[in-house]
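The form predicted alone is given below as one chain in structure tokens.
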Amino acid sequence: MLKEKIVREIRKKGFITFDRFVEICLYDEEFGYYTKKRIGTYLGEDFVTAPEVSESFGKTVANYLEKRTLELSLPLKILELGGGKGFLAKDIVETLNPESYTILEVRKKPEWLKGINWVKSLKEVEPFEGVVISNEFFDAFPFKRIKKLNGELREVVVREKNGELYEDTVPFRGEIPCEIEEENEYCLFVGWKEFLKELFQKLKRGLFLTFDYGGKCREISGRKSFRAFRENRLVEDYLNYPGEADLTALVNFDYLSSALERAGFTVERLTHQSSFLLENGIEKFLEPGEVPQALMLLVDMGRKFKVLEATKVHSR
């Protein structure tokens, strides 16, 4: 069991940092949430992503990609980060018929997904010009939880007593990109910097488009960023179910925008998902009777999710 593996590691070290706890829970080869639990092709496992809600999402994105690649004189070569179950890829490929479509994903390729390249590492991706797209990808990295307590930044860690897990804090010696108020918390994703550096070495010229929930520093620093989902609901007792819950946090789009600009990209815009979908004609792709789906994409998800677009028009 995964809990037993975690307990053994804690007993060797005294505690584990929260990002290590997240890494084990989500990506352990034997019991990880993303590697073993959320691998089926059916919907509704703890949460539903936009491409799972309706095909209209992927078709609207495809419509936008066709227009923007023409404007930027880019080939229709697409790399999707964290393609999950493949629903977004299927809808884009069926709508666009791109020159190539590659998914970067740690999970196994679904047998029903045809005409898609599937890789588990950026090392398998050749440098290219084209499009990088993702939906709920950057929130799936391990993250630290940094709290401000009595004016001091402290890091959440996981300890154990008699085989049971519990949270504690230790002094945090690093830096965070957002100011936080007393008793508030900031989730610092680990691995973004290294991943983005490698990614930007692959994309020589192109369009970067990502969908995720989060916001600018001022929007996320005063809110509860960390969340755990199990059986379609938010849970507080996630320490009792390692590997059985999705552990996630709000994305800092200020940090992501800065990383893109340092890599030679121009950030074109950051907007709400609802605005993006309406501007790009989602109504043309909705099937009759898809009112609940439209409301979810445009109202529920539409207000919570952001869309960040950046371009690099000159290779370097």
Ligand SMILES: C[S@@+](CC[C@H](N)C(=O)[O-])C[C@H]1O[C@@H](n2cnc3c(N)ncnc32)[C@H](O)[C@@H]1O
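Residue numbers here begin at 1 and follow the sequence given. Note that this is a predicted model, so its numbers are computed, not measured.
Heads up, the form predicted together with this ligand isn't pictured, but that's what we're talking about next.
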Legend entry - this ligand in the model of the complex: contacting segment from 237-245, 224-232, 148-156, 103-111, heavy atom within 4.5 Å: 103-111
Inset, instruction - Evaluate Glu52 for contact with this ligand in the model of the complex, applying a 4.5 angstroms cut-off between non-hydrogen atoms, and reply yes or no. - result: yes
Legend entry - 4.5 Å heavy atom contact, Ala140 and this ligand in the model of the complex: yes
Legend entry - 4.5 Å heavy atom contact, Tyr34 to this ligand in the model of the complex: yes
Legend entry - Gly83: touches this ligand in the model of the complex, heavy atom cutoff 4.5 angstroms: yes
Inset, instruction - Sort through Tyr64, Phe265, Tyr27, Phe253 and report the residue having a heavy atom within 4.5 Å of this ligand in the model of the complex. - result: Tyr27
Legend entry - Answer option from Glu136, Glu160, Glu185, Asp91, heavy atom within 4.5 Å of this ligand in the model of the complex: Glu136
Inset, instruction - Could you run down 245-260 and flag each residue that has a heavy atom within 4.5 Å of this ligand in the model of the complex? - result: none
